[in-house]
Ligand SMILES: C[S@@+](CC[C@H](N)C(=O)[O-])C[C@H]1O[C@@H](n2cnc3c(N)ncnc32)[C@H](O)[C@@H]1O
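Next comes just one chain, in structure tokens: the form predicted alone.
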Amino acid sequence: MYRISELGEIVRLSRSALLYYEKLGLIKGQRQRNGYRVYSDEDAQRICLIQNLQAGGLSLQECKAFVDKKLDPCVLEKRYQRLSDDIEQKQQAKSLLAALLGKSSSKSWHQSLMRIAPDAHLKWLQTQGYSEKEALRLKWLSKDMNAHEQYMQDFFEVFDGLERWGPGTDEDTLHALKMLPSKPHNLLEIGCGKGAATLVLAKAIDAQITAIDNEPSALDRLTEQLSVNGLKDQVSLLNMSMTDIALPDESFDAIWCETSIYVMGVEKALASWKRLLKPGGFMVFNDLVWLADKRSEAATEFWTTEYPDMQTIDTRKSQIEKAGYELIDTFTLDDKGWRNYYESLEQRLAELMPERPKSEAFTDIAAEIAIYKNYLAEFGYQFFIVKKAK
């Protein structure tokens, strides 16, 4: 027989815990003539059994029921499922903390935030010390704070060797230009990159062009091309973000943006850039859209991750009208524009991949090329020619 203090030492429970066990009827003490309560070895073993059952997440009441009666599978199944859910949540929490500490990749977490909280995600990245430009690159390209620097180094090693940074041809740019009801005299090109469209526009129209981009190396390359083609006086270059264009209201007859409006988001861009257009001014932009109603699982999964705001043509038309524009015309980029871009990209990647076969940037680019080769009919770049209506 054991006094309560002795039993407590054996089962490693406090006096108050043992009295609570006794209150629940889990153990039965015997009061002696001297007033002390004593407990048997059966009580000690019963407590040990209960403690082992508790290790499975069972409550004391459930433990009592299972000690006195046959196990109830339904109760056990509920406890099992609840414990499984708790473990999964804790594993997710552990994975997130590891990613934020730089112990593992944070890519899946960033991809999730791109879909569910894109604006808050971008602001948070800037709070962490990234400039807006780097935050946008992290959001759209590397998607991993822990590998961002190396990713962007590899990424630009590929694209610095290309003339175009997106699908397109001179013919498509000229075709869109011809759809304008009148030729602009003062045009703003947003996200000009190395100037593939800039040079075409400058040669085709007698207009003063202001071209902006946030990548200095691209503007340096465009400066060289303008000089070679004798167009420096016609085109003014500004190192400026498309999200914060510090230019006066109603300064331009037309705005032009090829393959980069997604960076800001179509709806936001339509709303933000509208003030820059003169009354009745035009905007020309193209955007990646779904062309097929029935889509493959592979293409859907890829673009849902890479471009969560990808929409159908009809949805973009509705957004254009809602933003206060009139749709003048629209057309789909032809296959030549895709071939020119991806064939050059694939060739450049083939030159570099053997040097760093495990490069995340190279792997992502290769995955995009594969989607283009297998599923292009399901998506495409769509040009929209719109007029500021109100």
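Residue indices: 1-based, along the sequence shown. The structure displayed is predicted, hence computed values, not measured ones.
Same protein, other form: the form predicted together with this ligand, not shown, and the subject of what follows.
- This chain appears without its partner; in the model of the complex, the one residue of 214, 225, 210, 311 with a heavy atom within 4.5 Å of this ligand is 214.
- This chain appears without its partner; in the model of the complex, the one residue of 180, 276, 270, 263 with a heavy atom within 4.5 Å of this ligand is 263.
- The closest heavy atom approach of residue 284 to this ligand in the model of the complex falls outside 4.5 Å.
- Among heavy atoms of residue 320, none comes within 4.5 Å of this ligand in the model of the complex.
- Under a 4.5 angstroms non-hydrogen atom cutoff, this ligand in the model of the complex lacks residue 121 among its neighbouring residues.
- In the model of the complex, this ligand sits beyond 4.5 Å of every heavy atom of residue 184.
- Screening 113 to 121, 191 to 199, 75 to 83, 292 to 300 for residues having heavy atoms within 4.5 Å of this ligand in the model of the complex returns a single hit, 191 to 199.
- Contacts of stretch 227 to 241 with this ligand in the model of the complex, defined by any heavy atom lying within 4.5 Å, are made by 240, 241, listed in sequence order.
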